[in-house]
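As structure tokens, one chain now follows by itself in the form predicted alone.
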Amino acid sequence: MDDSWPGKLLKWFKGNRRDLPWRQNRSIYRVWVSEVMLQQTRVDTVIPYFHRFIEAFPTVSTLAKADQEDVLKFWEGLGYYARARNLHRAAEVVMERFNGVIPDQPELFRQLPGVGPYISAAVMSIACGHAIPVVDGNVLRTVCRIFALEYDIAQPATRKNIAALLAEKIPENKPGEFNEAMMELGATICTPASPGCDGCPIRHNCLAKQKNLVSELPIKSRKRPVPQYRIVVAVITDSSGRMLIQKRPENGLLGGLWEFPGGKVEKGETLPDALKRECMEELAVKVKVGKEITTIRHAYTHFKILLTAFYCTITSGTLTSYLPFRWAKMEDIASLPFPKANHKILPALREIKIEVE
């Protein structure tokens, strides 16, 4: 194997890198925000979010001082909301423990909430020049092809082995560029399907290309079938037309976001019966389930939901909840962070509210 391929890769990257907003100013803060956003999210999706987020919170200080609900609102629709909560908390830690200066040493940076191996390697190499290889999905795929590695990329050991291999290849003087180039190559040329091998700068060094194994690599064990859950939610209004919403627990899926009350339909339940049970469990009230507002489909990373919203009225009981709740007008809902699935209800809800009022 010709060891000159990192040099070829860097030369290619210099002339072919995409013009991305976080590459225009490589401050540690901007790189950090971008890398958090880019985890499990496409570049094209991230770009407008990055612009809005940086405009709202241009420094680690402004982010730390912000209300978490405002941070979540700017993150709304980007998904994986734990990233936003951790980033916000990490900014607070920077202000509290590091006098407002984001640490540029890996061992200190790793102490911040939400900073794992990937974020640490990316930020410390790109913004601070530490020779730590970044291993994301694009890099896993590309390296397996370059070296014709028959590793299962779904296994944690594969990530460690590839990181160790790249630690021997990463240039000490340009670690950030090398990492970006590896990710760029995987994102634009060494793609999962129909890779552009003819335009690859290191095609002559690629063992998978030489052995005609490109379409067979990388190896990835099959995922289990994605489960689908039936969900019901209640749109409960008061005499002035305000709607009852509650805030999800800080920890867990969609933590800190507001939503309509409801939950999963259990085996053997009808949708109205499930909603009555959920309202009693969550709100300590009995409800009359009225007309169906809409049914929507939504996919998360590990499961899918089929969600039906019903217009409901409280018939008895004293409204009580272990979660924060409030009565909100439609314009209030627009200003609060809501899950995307709940947002899909709003167009139909606007129509039914005209009828209700």
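Each residue number is its position in the shown sequence, starting from 1. Quick caveat: nothing in here was measured; it's all calculated off a predicted structure.
Note that the form predicted in complex with the DNA isn't included here; everything after this is about it.
- The DNA is not drawn, but in the predicted bound form it has a heavy atom within 4.5 Å of G137.
- R83 belongs to the set of residues with a heavy atom inside 4.5 Å of the DNA in the predicted bound form.
- At least one heavy atom of Q155 is located within 4.5 Å of the DNA in the predicted bound form.
- Interface membership of V43, defined by any non-hydrogen atom within 4.5 Å of the DNA in the predicted bound form, is confirmed.
- Annotated contacts: P48, A91 and P324 are all free of the DNA in the predicted bound form [non-hydrogen atom within 4.5 angstroms].
- Of the candidate stretches 53-61, 328-336, 287-295, 301-309, only 301-309 contains residues with a heavy atom within 4.5 Å of the DNA in the predicted bound form.
- Taking A208, V71, A234, L112 one by one, only a single residue has any non-hydrogen atom within 4.5 Å of the DNA in the predicted bound form, and it is L112.
- Checked against the DNA in the predicted bound form, the candidates A164, L253, M280, V101 yield a single residue with a heavy atom inside 4.5 Å, and that residue is L253.
- For the stretch 269-291, the set of residues having any non-hydrogen atom within 4.5 angstroms of the DNA in the predicted bound form is empty.
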